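Here you get one chain, nothing else, as C-alpha coordinates; it is the form predicted on its own.
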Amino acid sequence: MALLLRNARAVDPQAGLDEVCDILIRDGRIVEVGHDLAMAKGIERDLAGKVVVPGLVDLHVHLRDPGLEYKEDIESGSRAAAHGGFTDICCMPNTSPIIDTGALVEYVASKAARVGRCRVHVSGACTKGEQGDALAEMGDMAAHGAVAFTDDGRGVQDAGMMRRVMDYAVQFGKTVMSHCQDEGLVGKGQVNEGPVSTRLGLAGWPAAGEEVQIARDIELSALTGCPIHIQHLTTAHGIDLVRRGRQDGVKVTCEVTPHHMFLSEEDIDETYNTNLKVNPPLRSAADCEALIAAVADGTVDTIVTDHAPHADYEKAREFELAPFGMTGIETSVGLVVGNLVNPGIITWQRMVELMSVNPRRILGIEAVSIAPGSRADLTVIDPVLEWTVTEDQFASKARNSGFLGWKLTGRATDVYVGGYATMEDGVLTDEPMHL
(Lines give C-alpha, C1' and ligand atoms only; values in the text may rest on other atoms or scores of the structure.)
Protein backbone atom coordinates (compact mmCIF):
# COMPACT_ATOMS: atom_id res chain seq x y z
CA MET A 1 0.00 0.00 0.00
CA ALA A 2 1.18 3.52 -0.80
CA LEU A 3 0.45 6.54 1.40
CA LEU A 4 1.35 10.19 0.84
CA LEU A 5 1.21 12.59 3.78
CA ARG A 6 1.27 16.17 2.54
CA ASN A 7 1.98 19.60 4.00
CA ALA A 8 2.65 18.69 7.64
CA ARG A 9 5.49 20.09 9.67
CA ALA A 10 7.82 17.10 10.05
CA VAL A 11 10.02 17.18 13.15
CA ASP A 12 12.81 14.67 13.75
CA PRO A 13 16.11 15.69 15.39
CA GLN A 14 17.65 12.36 14.30
CA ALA A 15 17.27 13.39 10.66
CA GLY A 16 17.94 17.10 11.24
CA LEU A 17 14.40 17.71 10.01
CA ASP A 18 12.03 20.51 10.97
CA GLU A 19 10.10 21.77 7.97
CA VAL A 20 6.81 21.53 6.13
CA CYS A 21 7.16 18.70 3.61
CA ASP A 22 5.63 15.55 2.15
CA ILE A 23 6.25 11.98 3.28
CA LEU A 24 5.81 9.08 0.87
CA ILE A 25 5.26 5.62 2.37
CA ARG A 26 5.15 2.28 0.60
CA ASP A 27 4.89 -1.25 2.03
CA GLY A 28 5.29 -0.03 5.59
CA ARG A 29 8.46 1.99 5.01
CA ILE A 30 9.19 5.62 4.27
CA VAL A 31 10.56 5.84 0.73
CA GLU A 32 10.90 9.60 0.25
CA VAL A 33 10.75 12.84 2.22
CA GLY A 34 10.60 16.08 0.25
CA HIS A 35 8.44 18.65 -1.50
CA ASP A 36 5.77 18.27 -4.18
CA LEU A 37 6.12 14.49 -4.15
CA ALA A 38 4.05 12.46 -6.61
CA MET A 39 2.33 9.11 -6.16
CA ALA A 40 0.81 7.12 -9.00
CA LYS A 41 -1.69 5.27 -6.85
CA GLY A 42 -2.53 5.16 -3.16
CA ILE A 43 -4.03 7.16 -0.31
CA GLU A 44 -3.23 10.85 0.03
CA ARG A 45 -3.75 12.90 3.19
CA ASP A 46 -3.43 16.67 3.54
CA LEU A 47 -2.08 17.38 7.05
CA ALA A 48 -1.60 21.14 6.75
CA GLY A 49 -1.28 22.81 10.14
CA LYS A 50 -0.30 19.61 11.90
CA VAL A 51 3.01 18.22 13.17
CA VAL A 52 4.30 14.76 12.23
CA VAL A 53 6.84 13.09 14.52
CA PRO A 54 8.38 9.61 14.76
CA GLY A 55 5.88 7.36 16.53
CA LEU A 56 5.57 8.10 20.24
CA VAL A 57 6.62 5.48 22.80
CA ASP A 58 5.38 5.08 26.38
CA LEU A 59 7.76 2.76 28.21
CA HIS A 60 5.68 2.57 31.40
CA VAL A 61 2.13 1.24 30.96
CA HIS A 62 -0.04 -1.15 32.98
CA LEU A 63 -2.20 -3.33 30.74
CA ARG A 64 -3.42 -5.50 33.68
CA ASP A 65 -3.43 -8.59 31.44
CA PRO A 66 -3.18 -11.43 32.47
CA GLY A 67 -5.53 -11.73 35.40
CA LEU A 68 -6.88 -8.23 36.01
CA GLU A 69 -8.72 -7.70 32.75
CA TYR A 70 -11.67 -6.06 34.52
CA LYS A 71 -9.43 -3.00 34.92
CA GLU A 72 -7.86 -3.07 31.44
CA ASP A 73 -6.72 -5.64 28.90
CA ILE A 74 -4.29 -5.76 26.00
CA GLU A 75 -6.89 -4.75 23.44
CA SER A 76 -8.43 -1.87 25.40
CA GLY A 77 -5.08 -0.64 26.68
CA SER A 78 -3.49 -0.64 23.25
CA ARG A 79 -6.58 1.11 21.82
CA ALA A 80 -6.16 3.76 24.51
CA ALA A 81 -2.50 4.07 23.53
CA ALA A 82 -3.36 4.58 19.87
CA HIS A 83 -6.04 7.09 20.86
CA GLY A 84 -3.41 8.94 22.86
CA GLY A 85 -1.00 9.06 19.90
CA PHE A 86 1.36 6.17 20.71
CA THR A 87 2.71 3.60 18.27
CA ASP A 88 4.63 1.65 20.95
CA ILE A 89 4.14 0.88 24.62
CA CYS A 90 6.04 -1.20 27.18
CA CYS A 91 3.82 -3.04 29.66
CA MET A 92 4.75 -3.68 33.27
CA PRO A 93 4.88 -7.20 34.76
CA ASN A 94 2.87 -6.68 37.97
CA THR A 95 -0.17 -8.55 36.68
CA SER A 96 -1.84 -11.64 38.17
CA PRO A 97 0.11 -13.84 37.79
CA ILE A 98 3.27 -11.76 37.68
CA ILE A 99 5.05 -11.86 34.31
CA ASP A 100 8.13 -13.72 35.55
CA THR A 101 8.53 -16.53 32.98
CA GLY A 102 9.13 -16.77 29.27
CA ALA A 103 5.69 -18.36 28.81
CA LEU A 104 3.97 -15.30 30.24
CA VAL A 105 6.07 -12.93 28.13
CA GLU A 106 5.03 -15.01 25.12
CA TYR A 107 1.38 -14.88 26.19
CA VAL A 108 1.32 -11.08 26.23
CA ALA A 109 3.32 -10.72 23.01
CA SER A 110 1.20 -13.22 21.08
CA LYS A 111 -2.09 -11.77 22.30
CA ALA A 112 -0.90 -8.26 21.45
CA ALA A 113 -0.05 -9.44 17.93
CA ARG A 114 -3.65 -10.65 17.55
CA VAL A 115 -5.69 -7.88 19.16
CA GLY A 116 -3.27 -4.98 19.79
CA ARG A 117 -3.69 -1.57 18.20
CA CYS A 118 -0.04 -0.60 18.68
CA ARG A 119 3.29 -2.36 19.19
CA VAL A 120 3.39 -3.88 22.67
CA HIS A 121 6.78 -4.57 24.27
CA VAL A 122 6.93 -6.67 27.42
CA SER A 123 9.03 -6.12 30.53
CA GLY A 124 9.66 -9.05 32.82
CA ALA A 125 9.87 -9.18 36.60
CA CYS A 126 13.24 -9.13 38.32
CA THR A 127 12.23 -11.59 41.04
CA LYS A 128 9.75 -14.46 41.22
CA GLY A 129 6.32 -13.09 41.93
CA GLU A 130 7.98 -9.74 42.65
CA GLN A 131 8.59 -11.10 46.13
CA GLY A 132 12.26 -10.10 46.16
CA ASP A 133 13.68 -13.37 47.45
CA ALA A 134 14.55 -15.34 44.27
CA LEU A 135 15.52 -14.37 40.75
CA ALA A 136 12.83 -14.65 38.12
CA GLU A 137 13.54 -16.63 34.94
CA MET A 138 15.37 -13.71 33.37
CA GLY A 139 17.19 -15.66 30.65
CA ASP A 140 14.01 -17.41 29.56
CA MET A 141 12.14 -14.10 29.43
CA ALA A 142 14.92 -12.45 27.45
CA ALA A 143 14.83 -15.36 24.99
CA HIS A 144 11.10 -14.81 24.53
CA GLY A 145 11.51 -11.11 23.84
CA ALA A 146 11.38 -9.28 27.17
CA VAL A 147 12.88 -5.84 26.56
CA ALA A 148 13.74 -4.93 30.18
CA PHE A 149 13.32 -6.09 33.77
CA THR A 150 11.51 -4.43 36.66
CA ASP A 151 9.65 -5.22 39.87
CA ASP A 152 7.45 -2.20 39.21
CA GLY A 153 4.73 -1.62 41.75
CA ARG A 154 6.94 -2.56 44.65
CA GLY A 155 10.63 -2.51 43.86
CA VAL A 156 13.44 -4.85 44.90
CA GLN A 157 13.95 -4.23 48.60
CA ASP A 158 17.19 -6.13 49.27
CA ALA A 159 20.39 -4.56 47.91
CA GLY A 160 22.09 -7.93 47.49
CA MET A 161 19.19 -9.23 45.42
CA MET A 162 19.20 -6.08 43.30
CA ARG A 163 22.90 -6.62 42.63
CA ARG A 164 22.19 -10.16 41.42
CA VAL A 165 19.39 -8.87 39.20
CA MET A 166 21.80 -6.41 37.60
CA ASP A 167 24.55 -9.01 37.26
CA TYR A 168 22.17 -11.17 35.25
CA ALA A 169 20.51 -8.39 33.25
CA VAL A 170 23.81 -7.03 31.97
CA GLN A 171 24.63 -10.46 30.51
CA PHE A 172 21.50 -10.26 28.38
CA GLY A 173 22.11 -6.64 27.35
CA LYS A 174 18.98 -5.45 29.17
CA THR A 175 18.23 -2.41 31.28
CA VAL A 176 16.88 -2.79 34.80
CA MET A 177 14.04 -0.35 35.49
CA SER A 178 13.80 0.49 39.17
CA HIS A 179 10.68 1.32 41.16
CA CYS A 180 12.36 3.13 44.05
CA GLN A 181 10.37 2.58 47.22
CA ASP A 182 12.03 1.71 50.50
CA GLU A 183 9.18 -0.04 52.29
CA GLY A 184 10.80 0.46 55.67
CA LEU A 185 10.59 4.23 55.21
CA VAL A 186 7.35 4.41 53.25
CA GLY A 187 5.34 2.09 55.50
CA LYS A 188 1.62 2.75 55.04
CA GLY A 189 2.19 6.17 53.47
CA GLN A 190 -0.68 7.55 51.41
CA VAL A 191 0.47 11.01 50.31
CA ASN A 192 3.66 13.06 50.41
CA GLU A 193 4.87 13.60 53.96
CA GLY A 194 4.46 17.28 54.78
CA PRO A 195 1.85 19.95 55.54
CA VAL A 196 -0.83 18.35 53.35
CA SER A 197 -0.55 14.91 54.96
CA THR A 198 -0.78 16.58 58.38
CA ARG A 199 -3.77 18.75 57.45
CA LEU A 200 -5.71 15.86 55.91
CA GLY A 201 -4.77 13.32 58.56
CA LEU A 202 -3.25 10.91 56.06
CA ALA A 203 -0.13 8.80 56.59
CA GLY A 204 2.92 10.51 55.10
CA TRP A 205 5.24 9.08 52.42
CA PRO A 206 8.63 10.76 52.81
CA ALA A 207 10.66 11.78 49.79
CA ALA A 208 13.56 9.86 51.31
CA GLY A 209 11.55 6.67 50.80
CA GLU A 210 12.23 7.14 47.10
CA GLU A 211 15.60 8.87 47.17
CA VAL A 212 17.39 6.26 49.31
CA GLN A 213 16.79 3.60 46.66
CA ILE A 214 17.68 5.94 43.80
CA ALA A 215 21.07 6.45 45.43
CA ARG A 216 21.43 2.72 46.14
CA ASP A 217 20.64 1.63 42.61
CA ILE A 218 22.95 4.19 41.03
CA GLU A 219 25.76 2.77 43.17
CA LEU A 220 24.82 -0.78 42.19
CA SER A 221 24.80 0.21 38.53
CA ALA A 222 28.33 1.56 38.96
CA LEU A 223 29.33 -1.73 40.60
CA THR A 224 27.80 -4.06 38.00
CA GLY A 225 27.96 -2.00 34.82
CA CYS A 226 24.26 -2.66 34.24
CA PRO A 227 22.22 0.27 32.87
CA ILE A 228 19.70 1.45 35.47
CA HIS A 229 16.52 3.34 34.63
CA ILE A 230 14.83 5.21 37.48
CA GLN A 231 11.06 4.96 37.13
CA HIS A 232 8.55 7.76 37.82
CA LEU A 233 11.08 10.03 39.55
CA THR A 234 9.30 12.69 41.64
CA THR A 235 11.71 14.79 43.71
CA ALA A 236 14.26 17.55 43.21
CA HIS A 237 16.86 15.63 45.19
CA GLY A 238 16.21 12.54 43.09
CA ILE A 239 17.04 14.61 40.01
CA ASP A 240 20.28 15.74 41.67
CA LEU A 241 21.22 12.12 42.38
CA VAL A 242 20.78 11.23 38.71
CA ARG A 243 22.91 14.18 37.66
CA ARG A 244 25.69 13.15 40.05
CA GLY A 245 25.55 9.58 38.85
CA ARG A 246 26.00 10.68 35.26
CA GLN A 247 28.89 12.92 36.20
CA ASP A 248 30.52 9.82 37.70
CA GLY A 249 29.99 7.88 34.46
CA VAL A 250 27.11 5.68 35.64
CA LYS A 251 24.70 4.41 32.98
CA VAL A 252 21.62 5.93 34.61
CA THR A 253 18.49 7.19 32.89
CA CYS A 254 15.20 8.42 34.35
CA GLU A 255 11.59 9.14 33.56
CA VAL A 256 8.90 11.51 34.83
CA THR A 257 5.14 11.54 34.39
CA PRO A 258 2.79 14.40 33.46
CA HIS A 259 0.92 14.02 36.74
CA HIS A 260 4.08 14.49 38.77
CA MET A 261 4.94 17.60 36.76
CA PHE A 262 1.53 19.27 36.58
CA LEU A 263 -0.18 18.14 39.79
CA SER A 264 1.16 18.56 43.32
CA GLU A 265 0.19 17.54 46.84
CA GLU A 266 -1.65 20.86 47.09
CA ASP A 267 -4.26 19.54 44.64
CA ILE A 268 -5.31 16.97 47.24
CA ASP A 269 -7.90 18.60 49.47
CA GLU A 270 -10.77 17.80 51.81
CA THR A 271 -12.69 16.13 48.96
CA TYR A 272 -10.13 13.28 49.17
CA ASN A 273 -10.17 12.73 45.40
CA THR A 274 -8.77 9.20 45.07
CA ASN A 275 -7.80 9.81 41.42
CA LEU A 276 -4.95 11.84 42.91
CA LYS A 277 -3.70 8.89 44.97
CA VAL A 278 -0.67 7.64 43.03
CA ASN A 279 2.55 5.72 43.67
CA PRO A 280 4.89 7.48 44.22
CA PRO A 281 2.71 10.28 45.57
CA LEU A 282 2.26 13.78 44.21
CA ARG A 283 5.04 15.87 45.72
CA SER A 284 5.52 19.57 46.53
CA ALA A 285 5.12 22.43 44.07
CA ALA A 286 8.90 22.94 44.29
CA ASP A 287 9.45 19.34 43.22
CA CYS A 288 7.12 19.86 40.25
CA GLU A 289 9.18 22.87 39.17
CA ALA A 290 12.40 20.87 39.52
CA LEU A 291 11.04 18.07 37.32
CA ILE A 292 9.98 20.50 34.60
CA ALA A 293 13.39 22.19 34.72
CA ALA A 294 15.07 18.79 34.41
CA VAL A 295 12.92 17.94 31.40
CA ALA A 296 13.99 21.20 29.79
CA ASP A 297 17.72 20.92 30.56
CA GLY A 298 18.13 17.33 29.35
CA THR A 299 18.46 15.53 32.69
CA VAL A 300 15.19 13.64 32.24
CA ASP A 301 15.38 11.07 29.46
CA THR A 302 11.74 10.33 28.83
CA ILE A 303 8.19 11.32 29.73
CA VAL A 304 5.99 8.31 30.52
CA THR A 305 2.42 7.98 31.75
CA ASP A 306 2.54 5.12 34.29
CA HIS A 307 -0.97 4.46 32.94
CA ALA A 308 -2.59 2.68 35.89
CA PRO A 309 -6.25 1.84 35.20
CA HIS A 310 -8.64 0.80 37.96
CA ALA A 311 -12.33 -0.06 38.05
CA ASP A 312 -14.66 2.71 39.16
CA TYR A 313 -15.72 0.89 42.32
CA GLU A 314 -12.10 0.47 43.43
CA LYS A 315 -11.46 4.19 43.34
CA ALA A 316 -14.84 4.97 44.92
CA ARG A 317 -13.60 3.92 48.36
CA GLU A 318 -12.10 5.76 51.30
CA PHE A 319 -8.77 7.35 50.39
CA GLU A 320 -6.79 4.94 52.57
CA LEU A 321 -8.44 1.89 50.95
CA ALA A 322 -8.44 3.00 47.31
CA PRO A 323 -5.63 1.64 45.10
CA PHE A 324 -2.76 3.82 43.92
CA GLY A 325 -2.62 5.00 40.32
CA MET A 326 -4.29 7.04 37.60
CA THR A 327 -4.80 6.64 33.88
CA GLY A 328 -2.69 8.86 31.65
CA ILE A 329 -2.02 7.50 28.19
CA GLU A 330 -4.82 9.49 26.54
CA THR A 331 -3.99 12.85 28.14
CA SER A 332 -0.19 12.82 27.90
CA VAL A 333 0.21 14.51 24.50
CA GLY A 334 -2.20 17.32 25.38
CA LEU A 335 -0.47 17.96 28.70
CA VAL A 336 3.02 17.95 27.20
CA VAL A 337 2.17 20.05 24.12
CA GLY A 338 -0.03 22.51 25.99
CA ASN A 339 2.15 22.94 29.08
CA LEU A 340 5.69 22.46 27.76
CA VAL A 341 5.91 22.81 23.97
CA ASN A 342 3.49 25.61 23.16
CA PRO A 343 4.78 27.88 25.98
CA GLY A 344 8.36 27.36 24.76
CA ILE A 345 9.65 25.47 27.80
CA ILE A 346 10.81 22.72 25.45
CA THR A 347 11.01 22.54 21.65
CA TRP A 348 9.27 20.06 19.40
CA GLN A 349 12.69 18.48 18.85
CA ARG A 350 13.09 17.96 22.59
CA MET A 351 9.61 16.45 22.80
CA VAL A 352 10.57 13.95 20.09
CA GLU A 353 13.71 13.03 22.03
CA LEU A 354 11.71 12.55 25.23
CA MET A 355 8.77 10.63 23.80
CA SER A 356 10.18 8.78 20.80
CA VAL A 357 13.96 8.63 20.44
CA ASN A 358 15.12 8.08 24.03
CA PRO A 359 12.55 5.46 25.09
CA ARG A 360 13.46 3.33 22.08
CA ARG A 361 17.14 3.61 23.01
CA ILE A 362 16.47 2.67 26.64
CA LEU A 363 14.43 -0.38 25.64
CA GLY A 364 16.81 -1.37 22.86
CA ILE A 365 14.06 -1.54 20.24
CA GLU A 366 14.25 -0.52 16.58
CA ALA A 367 14.85 3.19 15.99
CA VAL A 368 12.25 5.04 13.94
CA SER A 369 12.96 8.20 11.95
CA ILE A 370 11.31 10.39 9.34
CA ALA A 371 13.83 9.31 6.75
CA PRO A 372 13.90 7.00 3.73
CA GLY A 373 14.19 3.36 4.75
CA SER A 374 12.73 3.81 8.22
CA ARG A 375 9.69 1.92 9.38
CA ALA A 376 6.63 4.14 8.92
CA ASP A 377 5.55 4.49 12.56
CA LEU A 378 4.32 8.06 12.80
CA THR A 379 2.27 10.26 15.12
CA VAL A 380 0.38 13.29 13.81
CA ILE A 381 -0.43 16.07 16.30
CA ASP A 382 -2.69 19.11 16.04
CA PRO A 383 -0.80 21.59 18.23
CA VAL A 384 -3.67 24.08 18.65
CA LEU A 385 -6.64 21.77 19.08
CA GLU A 386 -8.42 22.65 22.32
CA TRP A 387 -10.31 19.98 24.20
CA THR A 388 -11.63 19.14 27.66
CA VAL A 389 -10.84 15.88 29.47
CA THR A 390 -14.10 14.04 30.12
CA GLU A 391 -14.88 10.47 31.11
CA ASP A 392 -16.92 9.68 28.00
CA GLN A 393 -14.04 10.08 25.55
CA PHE A 394 -11.62 7.48 26.93
CA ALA A 395 -10.86 4.34 24.91
CA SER A 396 -9.49 2.80 28.10
CA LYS A 397 -11.82 0.74 30.29
CA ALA A 398 -10.89 3.01 33.18
CA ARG A 399 -11.85 6.60 34.03
CA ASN A 400 -9.55 7.30 36.98
CA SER A 401 -7.82 10.37 35.55
CA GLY A 402 -6.53 13.12 37.77
CA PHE A 403 -7.07 15.58 34.92
CA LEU A 404 -10.83 15.26 34.50
CA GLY A 405 -12.25 18.67 33.65
CA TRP A 406 -8.91 20.10 32.52
CA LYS A 407 -8.88 22.11 29.30
CA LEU A 408 -5.91 21.00 27.19
CA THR A 409 -4.33 22.29 24.01
CA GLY A 410 -2.77 19.85 21.53
CA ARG A 411 -3.88 16.36 20.65
CA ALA A 412 -2.83 13.44 18.47
CA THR A 413 -5.19 13.13 15.50
CA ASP A 414 -3.60 10.39 13.40
CA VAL A 415 -1.36 7.42 14.14
CA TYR A 416 0.35 5.15 11.61
CA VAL A 417 1.89 1.81 12.57
CA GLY A 418 3.86 0.22 9.76
CA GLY A 419 2.23 2.64 7.34
CA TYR A 420 -1.31 1.65 8.31
CA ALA A 421 -3.63 3.97 10.23
CA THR A 422 -4.69 2.99 13.73
CA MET A 423 -6.29 6.42 14.16
CA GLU A 424 -7.44 8.98 11.59
CA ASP A 425 -8.89 12.40 12.40
CA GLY A 426 -9.13 11.42 16.05
CA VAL A 427 -11.13 8.25 15.39
CA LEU A 428 -9.71 4.77 15.97
CA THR A 429 -9.77 2.57 12.87
CA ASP A 430 -10.32 -1.13 12.39
CA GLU A 431 -7.40 -1.49 9.98
CA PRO A 432 -5.65 -4.87 10.31
CA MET A 433 -2.35 -4.51 12.09
CA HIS A 434 0.83 -5.22 10.10
CA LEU A 435 3.40 -5.67 12.86
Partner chain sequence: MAFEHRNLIDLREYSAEDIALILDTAERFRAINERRIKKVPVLKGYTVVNMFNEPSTRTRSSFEIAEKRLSCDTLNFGGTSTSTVKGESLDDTVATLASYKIDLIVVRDAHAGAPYKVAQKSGVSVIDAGDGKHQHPTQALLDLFSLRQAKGRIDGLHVGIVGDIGHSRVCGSLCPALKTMGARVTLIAPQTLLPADPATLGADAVTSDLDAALPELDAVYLLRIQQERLEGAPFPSLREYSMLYGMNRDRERLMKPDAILCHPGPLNRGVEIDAYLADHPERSVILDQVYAGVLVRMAALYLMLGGSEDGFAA
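Numbering follows the first chain given and starts at 1. The structure displayed is predicted, hence computed values, not measured ones.
What comes next is about the form predicted in complex with the partner chain, which is not displayed.
K.L.:
Only one of 223, 200, 208, 143 comes within 4.5 Å of the partner chain in the predicted complex by heavy atoms, so just point that one out.
P.N.:
If I apply the 4.5 Å criterion carefully, the residue I get is 200.
K.L.:
In the predicted complex, which of the listed residues (361, 243, 317, 237) lies with a heavy atom within 4.5 Å of the partner chain?
P.N.:
None of the other options qualify; the answer is 317.
K.L.:
Given that the partner is absent here, does residue 193 sit within 4.5 Å of the partner chain in the predicted complex, heavy atoms only?
P.N.:
It does: once the partner chain is placed as it appears in the predicted complex, residue 193 has a heavy atom within 4.5 Å of it.
K.L.:
Using a 4.5 angstroms cut-off on non-hydrogen atoms, would residue 114 count as touching the partner chain in the predicted complex?
P.N.:
Flag for residue 114 set to no.
K.L.:
Should residue 172 be classed as touching the partner chain in the predicted complex when contacts are defined as heavy atoms within 4.5 Å?
P.N.:
Residue 172: no, not in contact with the partner chain in the predicted complex.
K.L.:
State yes or no: in the predicted complex, is some non-hydrogen atom of residue 272 no more than 4.5 angstroms from a non-hydrogen atom of the partner chain?
P.N.:
Answer yes; at least one heavy atom of residue 272 falls within 4.5 Å of the partner chain in the predicted complex.
K.L.:
So if I measure heavy atom distances to the partner chain in the predicted complex, which of the stretches 339-347, 148-156, 318-326, 275-283 falls within 4.5 Å?
P.N.:
Selected stretch: 318-326.
K.L.:
Sequence order please: the residues of 161-192 with a heavy atom within 4.5 Å of the partner chain in the predicted complex.
P.N.:
If the 4.5 Å heavy-atom criterion is applied to the partner chain in the predicted complex, 161-192 yields only 188.
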